[in-house]
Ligand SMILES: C[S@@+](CC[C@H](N)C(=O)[O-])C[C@H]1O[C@@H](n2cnc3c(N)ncnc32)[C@H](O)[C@@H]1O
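What follows is a single chain, given as structure tokens, in the form predicted alone.
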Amino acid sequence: MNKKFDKLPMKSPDLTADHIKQIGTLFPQVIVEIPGEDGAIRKGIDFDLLRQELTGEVVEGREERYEFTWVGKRRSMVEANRPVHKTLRPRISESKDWENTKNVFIEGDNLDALKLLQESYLNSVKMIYIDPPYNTGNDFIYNDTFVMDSNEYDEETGVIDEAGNRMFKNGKDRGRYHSDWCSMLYPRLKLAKNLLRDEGVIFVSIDDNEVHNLRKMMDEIFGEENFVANIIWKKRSTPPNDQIIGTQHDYIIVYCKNTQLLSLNLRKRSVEQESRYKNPDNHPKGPWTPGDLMANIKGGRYVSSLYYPITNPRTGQEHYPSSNGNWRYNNEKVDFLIQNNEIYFGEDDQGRPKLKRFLCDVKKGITWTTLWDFVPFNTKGSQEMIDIFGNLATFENPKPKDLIKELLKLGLSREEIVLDFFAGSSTTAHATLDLNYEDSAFHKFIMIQLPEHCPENTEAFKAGFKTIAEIGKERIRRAGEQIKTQIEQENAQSTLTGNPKSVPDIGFRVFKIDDTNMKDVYYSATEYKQETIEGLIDNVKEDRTDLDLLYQVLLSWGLKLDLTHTTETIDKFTIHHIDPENNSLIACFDSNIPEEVMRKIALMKPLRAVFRDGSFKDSPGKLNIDGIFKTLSPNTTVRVI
């Protein structure tokens, strides 16, 4: 039996097609056929008919409404749904502890990266933090194809990276100054939302230049009801003297996926706050601090049942509420508290009654506020870069690590994923490593950064760093080694009876965005020539490796990039195991796989098996491969690329 196996798509999902399919299940009558850009017929939506289906009134024309729009918005919405024929190519030599780490660093355009992660990390990320360009008039921002056509691109003086990605300086004199910034950020936020878990949260740093537009965009993407807070971070100790009113703060806009399911942590008390709780009388409930027993009422009104004398049982002295209030509890409750030694009359027993507030009865933390003046200023971020690299004048006022760490404490619990797709110098990764070290946690990070060139006149370039991405990767390496050294020193100083602390995951896997591994095999009949047909015997590009193919398979099959990967050799054929603990996937991309090897693979009973399209050419195994798996491993899903 000659089985034609289903092929993996090997591209990012077409979100537009998925949305049309979902609408079609509810309103099949609005689905129409329309010609695409390539002339092929595809499904579309009759929006006039859909609007009529969604209202009880006759729809005639467009009504006035409250909306947020800009030049290029529709094209940016389309771009968010457009699939990309690209892949993530692993770079083991640039990685650290590839075999064991769960952290990921992706080098390339974050729009492409977010599209490629849509299936593997759908509803998987607990927290997103980004620090996008503020659009101050001096920022370089991504120049996506939907913002300008090719002629406009050629007219711009831009910055071009090694992959051909263009950036441009978005000056305030540009006619589409705000529009270009919105068109850049909108599709990225839209795609990022898909990756958030239902209880997840996103933090976005911004300043006054675009905070108003950012709020409107996020209201539209996440829903106005899912706005959580606008944190004001005091970023400098003194205001600048070149402004009429000196700006000392930035904003951190906070939204969630679903307010009803949002999961955030209380803020841990400081050592100073904890020290306020004492236990001078050796109370069995533990440390306590005096609290007010009064319940103040405006205007001096009182409740008769709460207005009575409290008698000190040791001195007999009576105490009444003050003239503008009542006691917090009734007489019966206070008598119970006195009997349990939970009322405090001062060290000399001569004071007014106070309530003992026990540490064990209060929340394990305190509520966060929207005013953050308790974290370091921006200058601390610059100092941290100097501490790691020396004087590399590449980043202007990078965010301090402790600021991001506080956000991580707010948004993460024990073992969750944080994503930063404007990674910059990888402050978020550094903060994650630090938090894992301090709290013995197991958080994982995904960093995404464009290989933006370092100017040749900078100390970073002179030190050998050609791109911002290279600096970010090196910062993670050095920060991890600092943590490792610190733990080794602490363990060396600990007593023999103490438990040594283990080194957390300080590694990361590096992937670079590139064109798909697959050749373009779509030709019209008139374009086929003999040399073309011979070239299509293998549909994989000549410069691609097994690892390249393997990780594009993971993306196409919706498997995560941090899964354990092992290899073994069976009769000289290389077998790749992904997530061997759960037998998630087995892959073999060698040519002419014999039937005996296929039987051995089938006997492993993987959940998924994938092979190269040419693996069975002129091989007896191709004739009965379907029968082999149906007999030996009927639950295995087999695909080819």
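One-based numbering along the sequence shown. Quick caveat, the model's predicted, so the values are computed rather than measured.
There is another form of this protein, the form predicted together with the ligand, and it is not shown here; the text below is about that form.
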query	finding
4.5 angstroms heavy atom contact with the ligand in the predicted bound form for D109	yes
The ligand contact at A423 in the predicted bound form, heavy atom, 4.5 Å	yes
Touches the ligand in the predicted bound form: T432 (any heavy atom, 4.5 Å)	no
Distance check, P398 to the ligand in the predicted bound form, heavy atom within 4.5 Å	yes
Selected contact from V553, I468, I231, I417, since only one has a non-hydrogen atom within 4.5 angstroms of the ligand in the predicted bound form	I468
Of K86, K473, K257, R188, the one that lies within 4.5 Å of the ligand in the predicted bound form (heavy atoms)	R188
Complete contact of P132, T427 and E452 with the ligand in the predicted bound form (any heavy atom, 4.5 Å)	yes
Proximity to the ligand in the predicted bound form (heavy atom, within 4.5 Å), stretch among 310-318, 542-550, 116-124, 398-406	398-406
